[in-house]
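Read on for two forms of one protein chain; each stands alone as C-alpha cells, with the labels structure 1 and structure 2.
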Structure 1
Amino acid sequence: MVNRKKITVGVTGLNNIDSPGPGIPVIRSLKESKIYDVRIIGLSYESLEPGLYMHELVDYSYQIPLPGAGVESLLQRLSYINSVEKLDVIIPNFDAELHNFIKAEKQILDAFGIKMFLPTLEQFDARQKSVLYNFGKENGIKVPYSKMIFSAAEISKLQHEFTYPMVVKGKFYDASIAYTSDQVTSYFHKISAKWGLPVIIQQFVSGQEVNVTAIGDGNGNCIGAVPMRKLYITDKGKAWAGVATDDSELIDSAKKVIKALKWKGGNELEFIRNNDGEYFLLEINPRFPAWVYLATGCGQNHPEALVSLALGDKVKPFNEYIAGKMFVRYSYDMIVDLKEYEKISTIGEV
C-alpha cells in the first residue's frame, strides 16, 4: 500500500454494542483502504460509546450535539472540530442524524470544505417506512402492506385491514411482532415514547430474513451490492452472524431500488423471502448497515467507494464479490482509564 492519499474522515455511529451502529465497521473498512491513508475522527453522542476508546481504530474523538439540538448547534460544533482537525469527509451513520446533515450539507461544504455523499431530502423521505408500500406499488417491488397510526385509538380499527400477527415499527428503529390488540397497544406506547409518531403497522410476512448492503452514485447506478442471509438474530432483531450469498435476484432488486430512487450514498435493503420463494422489501435504511464490513471482506469496500464519490473521483462499479464469507460478532471487555471517560464527559473530546 504505497502512495496512498492522506485524508481525515469524521465518522459517527461509534456505539459498538449489542445493537451496534455502523461506525466501527465503516472505520475498519477505511483503515483497510488501498487508496487512502485515513486518519479517523470519531464523532460521538454519548460518553460510553465503545468506539471512543478503540484507539487502534479511532485517532481522536469529539462529542457532537444530539440531533434534536438542530442544525445550528451542529454547525457550531463542527466549526470548532474542523478548526483543529481539517476534516476532508464526514460519514454520518445514524438514521436520526441524517436529516440535519442533509439539510446542512451545502453549509458544511461552503463553510468548512468538508465533503459528504448523502441522499437528498426527497430521496430520504421517499424511502420512509410510512410510504414504502406506495413506493413498491409504483415501481413493481413487492412490499408488505403498511399503515401509519398516530394514536392508540386507531388500534381497534386495524382488524379491518390486517390479520394477526402484525408488525409494529418505529419511524426510525425498532420492530415488534404483535399477536393481539393488547400487544399492539403495548408496543405502540413503547415505540412512540422512544421514537415519536407516527408508528407504522405492517403486514407480517413469514420467511427467511435477507439483507443487502449497497451504494448508489446519485444518478441511478448501483456502485456495489452484497447480499447477506442472517444466521443468528439477537432478541433485538439484529444479525449476530450472517453469510454472503450468491443471489442474483437480490442484486437485481437492489439495482431496481437504487435506480428508482436515484439513490445517493450507502444504504441497506431489508428483505424477507417467504415460503413460496418471493422476496418482499421490508425497509430501506438510508446508511450503511452495521455488517457493512462483510462486504469489505467479500471484496467490495463500500466505505472506501463512498469516500471516493464524496471527493468527486470516478468510481468503477463492483461487478463481483466472494460469496460464502461469514461474519460472526463477538464482545469483549476493554480496559480504559477513567480519566478518558472524564475527559470526554467534561470537555467533549478525547
Structure 2
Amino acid sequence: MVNRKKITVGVTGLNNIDSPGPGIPVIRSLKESKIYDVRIIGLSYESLEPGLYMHELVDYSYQIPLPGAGVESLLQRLSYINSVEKLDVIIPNFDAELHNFIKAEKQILDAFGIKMFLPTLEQFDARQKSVLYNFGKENGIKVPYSKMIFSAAEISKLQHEFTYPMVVKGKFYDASIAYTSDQVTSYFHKISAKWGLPVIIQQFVSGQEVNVTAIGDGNGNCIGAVPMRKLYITDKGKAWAGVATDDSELIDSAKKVIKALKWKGGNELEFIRNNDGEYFLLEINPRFPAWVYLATGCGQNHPEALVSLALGDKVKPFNEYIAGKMFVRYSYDMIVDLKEYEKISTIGEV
C-alpha cells in the first residue's frame, strides 16, 4: 500500500468495553484504508477507556473535557492538542458530545483547520424521538405511532389511540414496555423523574430488530448502507453477534431517510421488521454504530468514506457489499503498566 495520503485523525469513543463506543471499530477501519496512511490521535474522557492503551491502533491519546464543561473548554484543549499533532480530521462518536462538536464545527475549522463531517443542528434535532413520528409521516417512512405526554392525567386517554403493549420512552434514553395502564403510570413517573418531560408513548411493534449503518453526503445521497440483523443481544441490549443481510427494501428505507433529512455524516438506523414483513423506523442514531467494522468487513469502509467527505476528496458511493458476513464480539484483557495510567491521570496524555 504505497502512495497513501498521510493524514492525522482524532477519534473519540475509545471505551471499547462491554457496551462499546464506536471509536475502536472506526479506528480499525481507518487503519485498513487503502487511500490513507492514518495516524490516530485518541481523544478520551476517562482514564480507563481501553483505547488509550491499545497502542497498535491508537498512536497517541489526550484527555478532553467532558461535554458539560462547554465548547470554550473544548476549544482550548483542542488548540493545545492541535499545536502538537496537527489534526486533519476529527470523528466524534458519542451522542452526548455531538451537540458541542456541531456547535463548534465552524470554529474548529476556522481556528485549527480541522475538518469534520457532521449533521447540522437541524438534522440532529429532527431525529429526536419526540418528533420522529411526524418526520415519518411527512416522508412516507413507517414509524410506530407515538405521542408525547406531559402529565400522568393523559395516560387514561391513551387507550383510545394505542393498544397494549406500548413503549414508554424518555426524551433521551430509557424505554420500557408496558402492558397495563398501571405500568404506564409507573414508567411515566420513573422516566420523567430521570429525563424530564415530555415522555414519549410509542405503539409497540413486535418483530425482528434490524439495524443499518449508513452514511450520507449532506446533499441527500446515500454513500453507503449495510444492514445487520442482531443474532445475540447482551443484557444491555447491545448486539453481541450479528450478520450482514441482503435486504434491498431495508436499504431503500435507509436511502429514503437520508434523502429526506439530507443527512450529513454517519448514522445508525434502527428498524423493526414485523410479522408481515413491514419495516418500522424506531430510532436514528446520529453517529456510526459500534458494529460499523462489520460494514468494512463486507466491503464498505464507511469511516474511510467519511474522512474522504470531510477532506473534500472524491467519494464514489458504495453499491454492493458481501452479505452473510458476521461479526462476533469478544473481550480481551490487556496487560497495562501502571506508568501509563499515571501518565493519563496526571498529565492527561499517553
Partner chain sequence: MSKIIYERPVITKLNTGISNKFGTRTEYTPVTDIDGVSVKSIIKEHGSPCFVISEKQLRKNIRSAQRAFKTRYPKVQFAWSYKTNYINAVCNVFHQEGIWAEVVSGFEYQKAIQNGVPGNKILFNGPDKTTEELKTAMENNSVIHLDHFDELFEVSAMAEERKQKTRVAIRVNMDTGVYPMWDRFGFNYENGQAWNCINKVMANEWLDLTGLHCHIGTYMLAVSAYSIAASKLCDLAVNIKSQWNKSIEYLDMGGGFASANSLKGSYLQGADIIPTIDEYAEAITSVILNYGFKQNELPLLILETGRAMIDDAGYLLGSVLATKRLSDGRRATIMDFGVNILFTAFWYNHKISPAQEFSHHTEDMVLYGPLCMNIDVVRESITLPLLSKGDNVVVHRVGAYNMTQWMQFIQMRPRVVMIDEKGEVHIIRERETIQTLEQLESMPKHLSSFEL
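Between two forms, the rigid core is defined as the largest C-alpha subset superposing within 1.5 Å. Every residue number counts along structure 1's sequence, beginning with 1. Just so we're clear, the structure is a prediction, and the values are computed from it rather than from any experiment.
In this pair, structure 1 matches the form predicted alone, whereas the other structure does not. Superposition of the core reveals a Cα shift of less than 2 Å for Gly220 between structures 1 and 2. With the core held fixed, the Cα of Tyr232 is displaced between structures 1 and 2 by less than 2 Å. For Ala178, the Cα coordinates differ by 2 angstroms or more between structures 1 and 2 after the core has been superposed.
A C-alpha shift of 3.7 Å is found for Val168 between structures 1 and 2, based on superposition of the rigid core. Once the core of the two forms is superposed, the Cα of Ser151 has moved 6.8 Å between structures 1 and 2.
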